[in-house]
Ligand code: URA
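Take a look at this single chain, the form predicted on its own, given in structure tokens.
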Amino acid sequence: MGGSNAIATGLSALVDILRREKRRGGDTIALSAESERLLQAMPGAFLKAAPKAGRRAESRPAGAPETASTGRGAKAAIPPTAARSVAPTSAAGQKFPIPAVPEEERDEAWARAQLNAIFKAVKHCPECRGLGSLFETVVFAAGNPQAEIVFVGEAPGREEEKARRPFVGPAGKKLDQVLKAMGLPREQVYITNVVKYRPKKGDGRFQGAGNRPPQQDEMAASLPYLRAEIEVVRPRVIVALGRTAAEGLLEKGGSLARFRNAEHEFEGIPVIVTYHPSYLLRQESEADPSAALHAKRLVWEDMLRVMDRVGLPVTAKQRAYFL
């Protein structure tokens, strides 16, 4: 069993690397230390999993996945889920299909077209509007439709509602600082929310600039649209910003500490849970600078895990950041 797990994990890492480099059109492949370790362990895993009595494995067993060109002569195995037709289902059973296309046709233009269709579906989401607890303005996503990293927040606030873009207020500026420390411009990642409408307080008439986190029913009504976004973008890692976003994304409750210290997946994609940028802002406003520094360090440790996951280079200075 252990050998089979190592093989599957190593192959998954290889496929992710080849797909990423195919999209980038690069001439070289950057490996993180973890990916290199997994790939180096594969020969031993194959030997352990191989039949003992000289039985030979077929070159291509029945039902094995097809291959797709990386654009440079090599072939990368495509998991069975890679070309499936996905039709996210809303709470009322309504569907909007994402067409299954060959891997080479999933370019940026295709991704933007699919995300635009999801945006239009969100605008007319009967479950979201039927709740009566959300405002009318849709705040969709922003960033690279083929990003390797997707950041997921809980819901837009007043600033985001006005700009119709996610994370543009103070919390957005803090997120930009985190991205800068990672060496990433905002345009290189994909940023979205579980809920695409600003939640109301009461009937919303006297809410002003106040915000509140979304409730479970609001996130449940919105989750099919996020699931469709993830299927289109196909990132290598998802970052859930805060406990509420983690609960909505993973559909289970828990403390932020428990979420951070556990392994998670969403539609087969690793999820790393960290503190919401607004938490860092609150810590900075307190009188104890050591508490603020500790919070920043925790977030940065999570971002180092993200960087390692996607193979981004990490300098010694970055490793020691916020220490």
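For every residue, the number given is its place in the sequence shown, counted from 1. None of the values given here were measured: they were computed from a predicted structure.
We do not show the form predicted in complex with the ligand, though everything after this point is about it.
Against the ligand in the predicted complex, the set P224, L226 and E231 makes no contact: no member has a heavy atom within 4.5 Å.
For the ligand in the predicted complex, the listed stretch (200-208, 142-150, 158-166, 127-135) containing residues with heavy atoms inside 4.5 Å is 158-166. Between the ligand and the residues V122, L249, V178, A171, the one pair within 4.5 Å by heavy atoms in the predicted complex involves A171. Using a 4.5 angstroms limit between non-hydrogen atoms, H276 touches the ligand in the predicted complex. Of all the residues from 181-206, the single one having a non-hydrogen atom no more than 4.5 Å from the ligand in the predicted complex is N193.
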